[in-house]
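Alright, two takes on the same chain below, each alone as structure tokens: structure 1 and structure 2.
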Structure 1
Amino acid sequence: MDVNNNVINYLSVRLRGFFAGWENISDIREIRIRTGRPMIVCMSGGERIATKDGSPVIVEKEDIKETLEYISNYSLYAYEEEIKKGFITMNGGNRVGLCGRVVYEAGSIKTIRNICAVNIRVAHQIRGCSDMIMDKLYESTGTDIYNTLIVSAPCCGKTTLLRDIVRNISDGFMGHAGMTVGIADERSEIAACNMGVPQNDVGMRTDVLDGCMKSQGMMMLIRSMSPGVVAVDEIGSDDDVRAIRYAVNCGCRIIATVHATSMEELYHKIPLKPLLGEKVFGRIILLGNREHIGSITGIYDGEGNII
């Protein structure tokens, strides 16, 4: 049984029955269930609304409750730490986003109650997706990695590419020795840890700080794990920039991602202007979705010249 079928089996019995006979079931990216509204399945080609006899399948409150019981193995309380961040990470790296009533305690989020919406995001690790560009990321000596920034609009594959670059750097690639990598995985999307154990293959020499703020995690990794490379997803704050500068000054290489739809938009991001102006990143990879999600639009050097 593949990952997609496993995910379907976490749905309530009533909802999973509507997948019988579906074609291209392995192409499922997300399953969104909201109380009182149709079940929507997101695939690479767009949305598909589950129907029965031509009418939309409406999600009931009991469907949400039963689905959460299966996801948590009837121990939802065991996931309280994750729930208060808005998601649960399942075995296999599949991630379940949650919406409901947020409960605060002493000014901080304690948990989410009365969950009324669930978004199951199917993990799609693509081993080898970075192979074709790895030679562009090693410096001319072949013994070190350029500080690299992966740029794309949301949902264009930047985290998938980042994950595979980390795996290749960690394991070693085409004669290049493996390097120790530290991941500050603030949203548990790179390594997809479950109870602290990475569910995605991020390489044999990789250490993960799961659920830790990027800016704090980068510094903690450098102080405790001595990585040669630090990887983070979706940088953009002033704190992130300070932490990157700290890492670089400590001799670490950085592999990071950022949201932007073009090089022009990237260079207009105010917090990143100092790093870009100082040419901290020797490689900038721009992704698009013209041909397919994750297609590489261009690879640039620190000067902004395409290579």
Structure 2
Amino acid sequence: MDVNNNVINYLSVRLRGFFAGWENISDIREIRIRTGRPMIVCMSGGERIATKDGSPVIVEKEDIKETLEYISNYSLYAYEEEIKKGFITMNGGNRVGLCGRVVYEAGSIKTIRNICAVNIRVAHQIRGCSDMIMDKLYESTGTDIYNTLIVSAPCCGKTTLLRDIVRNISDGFMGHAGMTVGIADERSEIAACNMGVPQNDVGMRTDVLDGCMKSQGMMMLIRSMSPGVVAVDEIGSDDDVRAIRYAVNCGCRIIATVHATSMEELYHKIPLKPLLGEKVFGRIILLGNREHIGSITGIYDGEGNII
């Protein structure tokens, strides 16, 4: 079944009906439903508002309730922890963002009630998007990889590239032996685990610690699964830096991503300064969206020289 058809089948039966006759279903990137407002479908070419007889389709409260039932497999309680974080990862790695009334208990989020807005984001793993750069990530001996930092502005494909690099390292790339990879997937964005099972292909030698804080997850992985490579998304805190240093000292290689639009901005990020100063990262990949989303602007070595 087409992944987008699959996503449509999670909508309420009434809303599903409005997709009948749509030809470009495979272009759907997001479906946004909000109580009392039109259903908006984000396609690769732009936004489209679902209509019936020329009028926008207005989402009803019952549509949201029914959609949530289908998304949660009739068991919202099974996703309690995920709901606290504001999203549910569905089968297939598709992500459902939720909005409603946040309920606090003892200073932390207990749940989201009266959910009135749902954003279904279609997962799009791009297999092979890292193939062109893999050679530059392996050390000259060919048996090990450089600690690698992927740098880009938001929505430029950092996580997609990280996921594919992990897959290639794990499965082994072009004669290079596969390595054990541990992913500390704090926001379930890399492996998109559903009930603990990765929905994205992250390679056959990859272990995923899902929903765990990056800093804690890295240390837990090293102690429990002895990975050769540890992968994390969006590092930035002092704790993350401490955990990376710990991993490196334990002999693990690191693949990480960070938000920054340029090398200058990267070198100005205070928490990362020690790591960059010590040249922990042997490779820094800068992504941009000048040509297309995820286009590689440059690959640098630890000294900041372009390769």
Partner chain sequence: MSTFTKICGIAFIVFSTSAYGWVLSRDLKRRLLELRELKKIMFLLRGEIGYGMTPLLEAAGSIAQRVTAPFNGILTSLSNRNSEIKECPFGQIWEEEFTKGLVMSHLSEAEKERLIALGNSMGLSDGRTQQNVIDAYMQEVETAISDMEKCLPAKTRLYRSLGVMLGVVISIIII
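Since the model is a prediction, treat every value here as computed from it, not as a measurement. Just so we're on the same page, rigid core means the largest C-alpha set that superposes within 1.5 Å between forms. By convention here, residues take numbers in order along the sequence of structure 1, the first being 1.
Panel number for the form predicted together with its partner chain: The form predicted together with its partner chain is the one given as structure 2; the other form is structure 1.
Among Ile235, Ala123, Ala50, Leu161, the one marking the hinge of the rigid-body motion between structure 1 and structure 2: Between the two rigid parts, the hinge is at Ala123.
Relative rotation of the two rigid parts between structure 1 and structure 2, taken as the smaller one's turn in degrees: The rotation of the smaller rigid part against the larger one between structure 1 and structure 2 is 11 degrees.
Distance moved by the Ser55 C-alpha between structure 1 and structure 2 (core-aligned, Å): Core-aligned C-alpha shift comes out at 5.4 Å.
Following rigid core superposition, Cα shift of Gly36 between structure 1 and structure 2 in Å: Shift of Gly36 at C-alpha, rigid core superposed: 3.6 Å.
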